[in-house]
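First comes one chain, alone, set out as structure tokens in the form predicted on its own.
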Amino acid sequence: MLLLRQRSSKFRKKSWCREIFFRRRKAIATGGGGGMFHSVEHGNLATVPRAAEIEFAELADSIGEHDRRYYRDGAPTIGDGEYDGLRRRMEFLLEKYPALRRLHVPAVGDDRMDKFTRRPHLAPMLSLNNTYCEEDLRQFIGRVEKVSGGETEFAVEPKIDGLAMAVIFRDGRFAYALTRGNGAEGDDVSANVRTIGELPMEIQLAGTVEVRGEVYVDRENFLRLNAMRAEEGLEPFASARNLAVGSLRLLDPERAAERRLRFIAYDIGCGDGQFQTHSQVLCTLRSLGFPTNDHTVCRGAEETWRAVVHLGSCRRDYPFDTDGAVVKVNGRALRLLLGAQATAPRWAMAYKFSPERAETILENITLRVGRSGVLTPVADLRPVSLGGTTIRSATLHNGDDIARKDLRIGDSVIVERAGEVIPAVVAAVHAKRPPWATPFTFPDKCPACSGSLVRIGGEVACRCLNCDCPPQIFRRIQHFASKDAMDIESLGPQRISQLMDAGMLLHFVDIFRLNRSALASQRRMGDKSADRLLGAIEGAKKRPLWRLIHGLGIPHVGAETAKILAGKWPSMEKLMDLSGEQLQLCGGIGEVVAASAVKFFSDGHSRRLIAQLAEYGLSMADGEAAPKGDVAGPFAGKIFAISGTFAAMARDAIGEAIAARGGTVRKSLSKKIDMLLVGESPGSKVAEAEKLSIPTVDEGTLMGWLGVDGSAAAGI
């Protein structure tokens, strides 16, 4: 039998019928057990051209950053089309060079955050495949109808630009609500979801029922809240989705209630056995008191396409932002037959509407200096209304992008806004070009510090080499203090700017030199604010090693890579002296990342910087704060996996506590795992652990080992 990952492109273009046949045959051969994919050898990274590995590392870094901005922060900086292009390029490289799968491949869409308790989903909460092309949608319908054997019913409904949510009811009562998370588990945001007035807290259905829907902010409320922020002199929310995401992340439910979140139910993820069609599900949800979307039931490709086009023509009539139409198989039995891929069902597809566009004047091009010195050009536009919002600036990416589009200052340009994100300049209207239009050329000197600008190797990016360039300093400090690095609360962008202007922050090392009297003398600080900031700084000194590695800003070393490094070598001293070959022995670390880490740690300036941080009391090894007797405790030298939720601690906190005591936590099970830590609703890992003869440890025993009083969390 051919492995799915080894199928030829010709084979993949054929219908899903053959894939379903293979699935059935495998189920028979294995007695119904096992997953759909085998573990396969992907080859040696040495066979991958260095240029391809560099491009892959940069793509992974970029996609991971855009995922964080979109899923966690709710503040994307590129449109869906551009993001999808990055993903398609990554898939192309993975197909051409399978050995790249040994490196870190960013998962699609993970909105989990450390400050919330996590729970597993009752059933995987997948994302949707999407397209901007009519032909792709027709091919999807064709594949479905080959499996069904004839013309098939589809439900067409608007795609809401909000945040996916799973709401669980037990015996008719609201139990908890989860974000999509990584699809397998999500953040428990029950306290904030309870504030949504139109969401029923009791329903007339027995047993455990999972209702899936979208949390959003309607346009009217979005404009109201932004008007209030403008009156208070605050930065407006970038989009309604940004506002919805931020509201659900608030730790104060009363503040969340002020945002007037709304909910639309679109499916039942668990407890739907009595329904034959999607239409029946929506009808039942409405009868139970849930708001639901309008939908149209269609037969065949022609009728379905007409429904999609009609929905696009009236999308501005909806009270919420919608960026497309979702086309779903109406029959539930056919859905089960079609099944799902790793991240998306085969019975649904999202058709994205063409981005909204407008014409305006490119008045100027300014340069923004990033943390690594890269200069990003930004278009200053004559204000123009687009999608209900006034647009004044747009991204231009890099100098090659400007040259390729032949953009000149003074041009009439087409601006595109895919969704509610920072827009992009698509093209110049050359027929309207005035005679005085001026080509843009990158300066020889940095506009912020007058330092030298260079292009390194084959990079398209232009960099400022002056490490003391003020915008670079600002963004390095901002990165170091961010939630994904050292997580220093109260040290946001405005505070950093204020302290830099006062000469108190010239480097992130200076964070640990701040004192109470100097802080309290600053405008809008005072004693309480100063104490709060100093307390957060003191807490940062005890952060796990991976956060410090990430905070240092090593090129190509993101949060996930930092976790891999700290898990393998939980000591900064050991890590700094490793060779590139030694680093590559660790799974997930390739030549590019290894070379970047070696270059950083071998630099004298970097070593002096780390030595300074150690002098200020920052932990340089996981386990430094553990009791002396703990080095021989139950965690030292052992590898753990975690499954389920825990009353006393969040899973991230458990992982960090284990690392501090000399242990390692892995996401998946294998024969190398020493123990499986089991909480509530552990899922399939328990059965898998039994097959692998891996011992399990319950929450009571685990908390005893950690020295945590589980009874203190009874009210959580």
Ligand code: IVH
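Each residue number is its position in the shown sequence, starting from 1. Computed from a predicted model, the values in this text were never measured in an experiment.
Here the subject shifts to the form predicted together with the named molecule, a form of this protein not shown in this document.
- With the named molecule omitted here, the record of contacts in the model of the complex names 326-334 of 326-334, 595-603, 639-647, 378-386, defined by a heavy atom within 4.5 Å.
- Relative to the named molecule in the model of the complex, residues 128, 157 and 160 are all within 4.5 Å by at least one heavy atom.
- Shown alone here, residue 285 lies farther than 4.5 Å from the named molecule in the model of the complex, counting heavy atoms only.
- At the 4.5 Å threshold, heavy atoms of residue 266 reach the named molecule in the model of the complex.
- The closest non-hydrogen atom of residue 144 lies beyond 4.5 Å of the named molecule in the model of the complex.
- Contact annotation for residue 391: none of its heavy atoms lies within 4.5 Å of the named molecule in the model of the complex.
- Note on the partner interface in the model of the complex: the residue among 547, 249, 479, 180 having a heavy atom within 4.5 angstroms of the named molecule is 180.
- Note on contacts: among 370, 345, 539, 580, the single residue with a heavy atom within 4.5 Å of the named molecule in the model of the complex is 345.
- Contacts of stretch 185-214 with the named molecule in the model of the complex, defined by any heavy atom lying within 4.5 Å, are made by 214 alone.
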